[in-house]
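Before any questions on how it binds or moves, here is one chain, the form predicted on its own, in structure tokens.
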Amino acid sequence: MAFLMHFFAVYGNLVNFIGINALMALGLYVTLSAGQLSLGNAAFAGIGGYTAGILTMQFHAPYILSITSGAMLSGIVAVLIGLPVLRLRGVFLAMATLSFGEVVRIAAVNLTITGGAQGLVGIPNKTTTGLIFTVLALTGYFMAKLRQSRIGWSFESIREDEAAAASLGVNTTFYKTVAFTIGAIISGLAGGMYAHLNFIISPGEFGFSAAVQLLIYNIVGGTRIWYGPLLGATLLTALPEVLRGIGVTAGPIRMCVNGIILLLVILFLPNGLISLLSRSSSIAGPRP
């Protein structure tokens, strides 16, 4: 018990950020599972974070109502944005959603209610470690059930061949919008929890670098199964602390290590680190 108390006293913030980043990575995973390369999930996290923070600070709303409202608003915006944007594919969709993210960031910089470039300061710290990982566990359970459902199979078929899925009667526009919206809701929820964990949120936290980082979590972990992004987010969030523990303190070196890991995964593990588990299972053979 004393060991756990000491561990959380030293690494409590790291554990919390691992949970938040893993939840955000799952938000992007849903969109990727339907074959849609979106870079807008960081913006949805920003919408959720700012909405939750404003409701708490300006209107004294209860914590659960604040983060839920942020998630729902992110979902509503996703529907409005997704219907026209999801007609695009590949890099064009990525650029469109990235542009949306820039619109959100610039709006946050220039609006008074969001605190401008300084951001919202003094948000009450109401997000607990237990709540973070409870939400993460429930989201993971939802992902596992979704994968086995008709919606999940529709996502898979669209990712493998959208034209073939449409020819078989799958309403591709509907299911792509559903995936986009679910991902936005999860990201918005994570953003609201982050806002109540970090005391302050600023526009720069939800910009281009954050969007790319979420994509890297998914690429490194793997996007073929829902717990791949969890592995990627855990590894890359904890890596700076691990490197600091062995004496690597320079930021550029840590970024270089991140780049090397990403390059190695792309070259040798195109399905992500999670493919190592499937390989080890196949080597071990079926259980007797």
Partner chain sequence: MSLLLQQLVNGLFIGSVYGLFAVGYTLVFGVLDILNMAHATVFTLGGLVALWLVEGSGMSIWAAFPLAVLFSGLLGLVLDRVAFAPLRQRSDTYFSGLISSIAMAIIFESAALGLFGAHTVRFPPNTIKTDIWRIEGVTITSLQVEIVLVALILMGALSLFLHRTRTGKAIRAVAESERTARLLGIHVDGIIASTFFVSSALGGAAGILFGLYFDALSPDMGRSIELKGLAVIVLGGMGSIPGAILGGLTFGLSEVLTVAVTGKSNLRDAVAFTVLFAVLLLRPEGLLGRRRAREV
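Residue numbers count along the first chain shown, from 1. Fair warning: this is a prediction, and the values are worked out from it, not measured in the lab.
Absent from the display: the form predicted together with the partner chain. The rest refers to it.
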* Identify whether the partner chain in the predicted complex is within 4.5 Å of every residue in the set L88, A96 and G259, based on non-hydrogen atoms. => yes
* Would you check, heavy atoms only and a 4.5 Å threshold, whether A210 touches the partner chain in the predicted complex? => no
* Does any heavy atom of I54 come within 4.5 Å of a heavy atom of the partner chain in the predicted complex? -> no
* Looking at the partner-bound form in the predicted complex, is N110 within 4.5 Å of the partner chain by any heavy atom? -> yes
* May I ask you to check whether L65 falls inside a 4.5 Å heavy atom distance of the partner chain in the predicted complex? => no
* Using the arrangement in the predicted complex, list in sequence order the residues of 208-234 with any heavy atom within 4.5 angstroms of the partner chain. => F208, V212, L215, I216, I219
